[in-house]
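This document starts with one chain, in the form predicted on its own, laid out as structure tokens.
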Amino acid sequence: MRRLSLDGLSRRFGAVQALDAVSFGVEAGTVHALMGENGAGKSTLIRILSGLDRPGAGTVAVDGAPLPPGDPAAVQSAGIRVLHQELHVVPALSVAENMHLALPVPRRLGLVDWRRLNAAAAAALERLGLSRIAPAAPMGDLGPGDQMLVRIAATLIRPEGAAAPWLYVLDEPTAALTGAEAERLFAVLDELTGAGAGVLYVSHRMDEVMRLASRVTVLRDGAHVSTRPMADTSDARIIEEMTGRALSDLFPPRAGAAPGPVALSCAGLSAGPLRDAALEVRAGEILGLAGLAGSGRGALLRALMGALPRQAGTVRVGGRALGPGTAAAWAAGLAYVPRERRSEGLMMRRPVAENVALPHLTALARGRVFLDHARQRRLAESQGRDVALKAASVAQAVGDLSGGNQQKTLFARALAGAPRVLLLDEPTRGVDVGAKFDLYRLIRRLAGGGTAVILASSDLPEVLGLADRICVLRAGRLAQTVENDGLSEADLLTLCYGRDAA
């Protein structure tokens, strides 16, 4: 059985020890998870493994034969394929052309042999059960999930003399995927491992890791903490090894102060799939929204924020009726962190400062005409410190930050106007457990300071760990509101399905 061995890998960047004598192995036919917080050393390890960086010490070997450091071609020749988190596709080119970007193009009489190029792409797609994807289709017409699957299929195209891939390194492959797209990816991974390929799976998503992996390696602060069979560990133990904190310490304690006056209320609210919703949240209270997929959690938040036009009903903030549109909501003291930070929240190529300032431009303008760039920078720096944002500076592009720090940028934007009501839709989606702890602590601090928080999440432990009361939605209707007093995850799931809790 083929084996990848990492022996004593170390890498230093200035005063920062990014990797410190990390050693473990990955075998063919298995899924091996690599876990760690942002800054644990995962990205550095992947860059060394892919040949994009050289270790300060240590070796990477396949079946005992060391690979030359800093040589991506040698890595490819050894049958290792590294798929980084960023897709790196050319949207205007076809699927087949994208699949051949790193491969020799088949030619006939000196010209591209389009028949062979498309046939090779179709054969590779069919091997992974992806015949529904047409080789001639523009790559930009595919969703992120299918683009990821196409990139995997491309590794199955074998030019003459090339080694067959036997190890896939996937870096956060589901970070930008929907649930259905992720399921298609998992089916492909089953096909690959069933055929004898190995997978080094880098992810912060505990449920995926527990489902897919047979072994797990944990890094913390650049050092190797553990490697063991998944059967000999648990999600709680992995989290403790990643963070140095017990799972029970993930959610900060409640402040204990009684909620204040009603900060926001709605009555008879209908918008999109939402029907006749009525609720209220008080200053200093965290109100959770729970429900199955399609229940209307996100629609309720978007309707309150004015992003989803109201068809009926009223929304009141501090006792005053709220007008339509998002501008009115921001002006009234509402702030919103959307579910999809890439497509709904952030300008990925723009600096942190511009992203933080976006809904606050009028307040930052001189004479309400010219933007005061110095004030914008100071606002972003102040809010960045408040949310523990890690960035080189507020001039850094948001797309260059980790997922957790992108999410903190959204929080910095939301808090820049000192909101009365904070609306959070899946606030920790796509961030690692360390960043989750930072955000949970921030949410709890905001509530302790009098901010009303409405939190919608599909993560039931998150809702139970933070909310004071929980509204349960079913099929677009707010079915019931319960106190979060001794409620278990099973109880809450039962309520989401429409049955009484035990």
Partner chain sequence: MSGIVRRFGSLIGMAAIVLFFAVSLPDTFLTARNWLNISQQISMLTVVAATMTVVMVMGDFDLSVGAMASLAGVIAAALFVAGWPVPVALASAVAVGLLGGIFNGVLVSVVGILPFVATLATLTVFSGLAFVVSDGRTVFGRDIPEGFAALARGGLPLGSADGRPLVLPNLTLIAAAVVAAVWVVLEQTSYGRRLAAIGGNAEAARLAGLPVTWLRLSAFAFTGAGAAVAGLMYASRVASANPTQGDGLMLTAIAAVFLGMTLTRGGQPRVLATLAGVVVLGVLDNGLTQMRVDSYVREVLVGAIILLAVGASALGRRSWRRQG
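Positions refer to the first chain, counted from 1. Every value quoted in this text rests on a predicted model; they were computed, and no experiment measured them.
The form predicted in complex with its partner chain exists for this protein as well; it is not shown, and the discussion that follows is about that form.
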| property | result |
| --- | --- |
| Residue among G404, G296, P135, P338 with a heavy atom within 4.5 Å of its partner chain in the model of the complex | P338 |
| Among the candidates A102, L361, A92, A418, the residue which, in the model of the complex, approaches its partner chain to within 4.5 Å (heavy atoms) | L361 |
| Whether R151, W166 and S234 all lie within 4.5 angstroms of its partner chain in the model of the complex by heavy atom | no |
| A307, heavy atom within 4.5 angstroms of its partner chain in the model of the complex | yes |
| Close approach of W114 to its partner chain in the model of the complex, 4.5 Å, heavy atom | no |
| Its partner chain contact in the model of the complex: R302, any heavy atom under 4.5 Å | yes |
| Exercise: F186 in contact with its partner chain in the model of the complex, heavy atom 4.5 Å | no |
| Interface segment, criterion being heavy atoms within 4.5 Å of its partner chain in the model of the complex, picked from 223-231, 92-100, 353-361, 383-391 | 353-361 |
| Stretch 330-358 - residues with a heavy atom within 4.5 Å of its partner chain in the model of the complex | W330, Y336, P338, R342, S343, E344, G345, L346, M347, R349, R350, E354, L358 |
